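Okay, so here's just one chain, in structure tokens, the form predicted on its own.
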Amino acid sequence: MQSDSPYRSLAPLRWILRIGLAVQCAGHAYWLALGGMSPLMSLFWGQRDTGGLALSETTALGIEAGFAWFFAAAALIVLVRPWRGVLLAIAGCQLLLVTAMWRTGQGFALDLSAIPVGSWSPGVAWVASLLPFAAHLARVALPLVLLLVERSLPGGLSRMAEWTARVAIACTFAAHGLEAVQHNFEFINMLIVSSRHSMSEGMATRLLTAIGAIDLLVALLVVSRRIHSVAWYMAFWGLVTALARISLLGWSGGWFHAASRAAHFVLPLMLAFWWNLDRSARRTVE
């Protein structure tokens, strides 16, 4: 691919990722600045028997504030010039947040009682406990995808950038699909509140089962084939589910939770944009 080819219009792809990552960082910065509400606080201040490090409250709050300032600065930096070190640091911080959730037992716990695993039960339970990593993989991957895109442009998008995005968003949708089919109460509550309480709990449960099945299906499709409609659907649904936090918690209590989920719609949006552009470019060459 040459830089004077139809791929000259790849600049929007770069900005889709930059703006999405800046929004995600801004959401994390505000969330951590509130103090005492994040998994980091649970990790650093929590007791050792619950997965914490048992640091003093003052120290834990100071560390949390430091991460908040980092994310605030990173939100500006990625818009101006996304340096490699900053992008890697963002990915590392995101991974630390997920690790904190995992160590302190936060996140949805899958029900494995219906699975006849016999002596494999401990191993299966441990794998199931890794669900937060899958659910948040898109957030960890977003800065890495931006780094790979910045290094591969203007000649086109590298296969590594594309596949990192595909695998990450597939894992996130699959994890949320599993939560949905097992009727995560938070999801049920969001459906009821978003319908202004016109939906019964039974109806919300049935709808959630269907939503979870669709999430699992598109997660499989996005890594098996380049289907543009699947990427567009994932971008749409990722945005809807992010904004649902505002519907549930109000603007002041929910905007930063929505912003921190920017990767859920930015990564599939990037894939949809790239696949459409790549198809057009190939037709032009032919």
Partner chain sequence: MIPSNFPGVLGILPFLFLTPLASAASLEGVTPGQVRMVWKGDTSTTATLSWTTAEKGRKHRVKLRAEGDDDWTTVACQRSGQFGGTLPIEQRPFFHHARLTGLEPATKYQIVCQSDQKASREYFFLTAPTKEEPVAVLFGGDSRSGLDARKKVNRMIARMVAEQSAAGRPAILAFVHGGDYIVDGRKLEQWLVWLTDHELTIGGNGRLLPIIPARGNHDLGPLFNEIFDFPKRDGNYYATDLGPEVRLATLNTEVAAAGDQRKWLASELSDERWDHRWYFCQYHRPAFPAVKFPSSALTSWVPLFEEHHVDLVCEADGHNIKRTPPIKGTKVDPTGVVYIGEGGLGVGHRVPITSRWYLQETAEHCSAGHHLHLLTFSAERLNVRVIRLGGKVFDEFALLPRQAPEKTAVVVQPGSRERELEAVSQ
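Positions refer to the first chain, counted from 1. Predicted, not measured: the structure shown is a model, and the values here were computed from it.
Another form, the form predicted together with the partner chain, is not on view; read the next lines as being about it.
K.L.:
Using heavy atoms only and a 4.5 Å cut-off, determine which of L207, L79, I192, L130 is in contact with the partner chain in the predicted complex.
P.N.:
For this set of options, the contacting one is I192.
K.L.:
Go through R159, H197, R151, R84 and name the one with a heavy atom inside 4.5 Å of the partner chain in the predicted complex.
P.N.:
Partner contact (heavy atom, 4.5 Å) among the options: H197.
K.L.:
Among 232-240, 65-73, 214-222, 26-34, which stretch sits within 4.5 Å of the partner chain in the predicted complex, heavy atoms only?
P.N.:
Answer to the contact question: 26-34.
K.L.:
Is there any non-hydrogen atom of I227 lying within 4.5 Å of the partner chain in the predicted complex?
P.N.:
Result no; I227 lies far from the partner chain in the predicted complex.
K.L.:
Please determine whether A109 contacts the partner chain in the predicted complex, using a 4.5 Å cut-off between heavy atoms.
P.N.:
Contact check for A109: yes, within 4.5 Å of the partner chain in the predicted complex.
K.L.:
How about C171: is it within 4.5 Å of the partner chain in the predicted complex, going by heavy atoms?
P.N.:
Looking in the predicted complex, residue contacts with the partner chain do not include C171, since no heavy atom lies within 4.5 Å.
K.L.:
Is there a heavy atom of W126 no more than 4.5 Å from a heavy atom of the partner chain in the predicted complex?
P.N.:
Because no heavy atom of W126 falls inside 4.5 Å of the partner chain in the predicted complex, the answer is no.
K.L.:
Across 241-264, which residues bring a heavy atom to within 4.5 Å of the partner chain in the predicted complex?
P.N.:
Sequence-ordered list: L248, F256, H257.
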